[in-house]
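This document opens with one chain alone, in structure tokens, the form predicted on its own.
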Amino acid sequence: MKNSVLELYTRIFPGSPRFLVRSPGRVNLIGEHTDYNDGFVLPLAINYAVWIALSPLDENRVELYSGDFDQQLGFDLGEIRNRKETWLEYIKGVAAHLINKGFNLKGFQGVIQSNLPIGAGLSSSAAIEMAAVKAFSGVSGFSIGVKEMALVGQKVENDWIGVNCGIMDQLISAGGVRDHAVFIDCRSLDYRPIRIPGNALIAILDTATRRELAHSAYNERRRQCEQAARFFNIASLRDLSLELFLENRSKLDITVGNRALHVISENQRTRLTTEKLEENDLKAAGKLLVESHRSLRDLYEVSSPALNQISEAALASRGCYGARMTGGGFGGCAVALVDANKAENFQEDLYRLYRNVSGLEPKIYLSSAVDGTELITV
């Protein structure tokens, strides 16, 4: 990808770029729909990313060509408005929020290209946002920390795009750690690297389906969680114990109660998974992934037939410790914890089993954990 985006720049613009930005996607090992409830998550930055090659402009304008969409778009930094449904909205939103925070932005020209599957639940949008923050910091000459970067990206999603997401996607894209998953407290934004045992691989399983109606369903579930928190008079479901919930569950709407139970139990599973990985107990960690999927399927109701089928196919494949849907749900990808010594067997079995049951051909990405978003001077 690095060479590809550099070559693309020289085809679109004269000369060579001044900067190169790499911003990874993420896969969440466990801790789903807990981030906007101030809970715990365990994602890792993956070796599939958004790349931007760019150079500063003298004028107060951004001109960006997308290699994925074969489209060049731009906007004036002094007049950011007229939002339209294009990939450029993420860049515009980042610029608007950085300006609102007092940063003096300078314009640039560049190209953007990605090998992240769009709509697969691997957080291509957060990767674009973090890439944009780094691009502006490079041409404008300011530094910005991981947490502040993540908060800008979350603000873009919430206020500009209209998705009430939590902080996980942006934080792991900005602050990933090579060879580690990262245990994140989504309230304090404190995070701690958790080494992935060397005898394990993370397999990302693309169902070849894409999410439909995900934004409205996502926002609905967030409202349901907030309703449960209001009932218990707490700031968020992070503060609700299982004991207090069970004592009062009958007083809640059944659906709202199911949503709350998922969040409470998922927070517990996420903490336990970090312990099991640190103990190199991959079987126990895999079992927790399976429990997470069942909870997302039955209590949170964000799975899909394809996600269920690929997770079950993974569990029936050689070398698999555990598997679950990952991301917002309703399509996209699952994630599996796999014995590194049986990776080829796992891929062979998974491809055959999922194709037989679904009629679809999956894509399987064996990923390592990589560092977060970086700015490279070319």
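Just count from 1 along the sequence shown to find any residue number. Everything numeric here is computed off the predicted structure, so don't read it as measured data.
There is another form of the same protein, the form predicted together with a small molecule; it is not shown, and what comes next is about it.
- In the predicted bound form, the small molecule sits within 4.5 Å of a heavy atom belonging to residue 166.
- Contact annotation: residue 331 falls outside 4.5 Å of the small molecule in the predicted bound form, judged by heavy atom distances.
- Among heavy atoms of residue 218, some come within 4.5 Å of the small molecule in the predicted bound form.
- When the small molecule is considered in the predicted bound form, residue 36 lines it closely, a heavy atom lying within 4.5 Å.
- The chain is drawn here without the small molecule; in the predicted bound form, the stretch among 28-36, 311-319, 58-66, 344-352 whose residues come within 4.5 Å of it by any heavy atom is 28-36.
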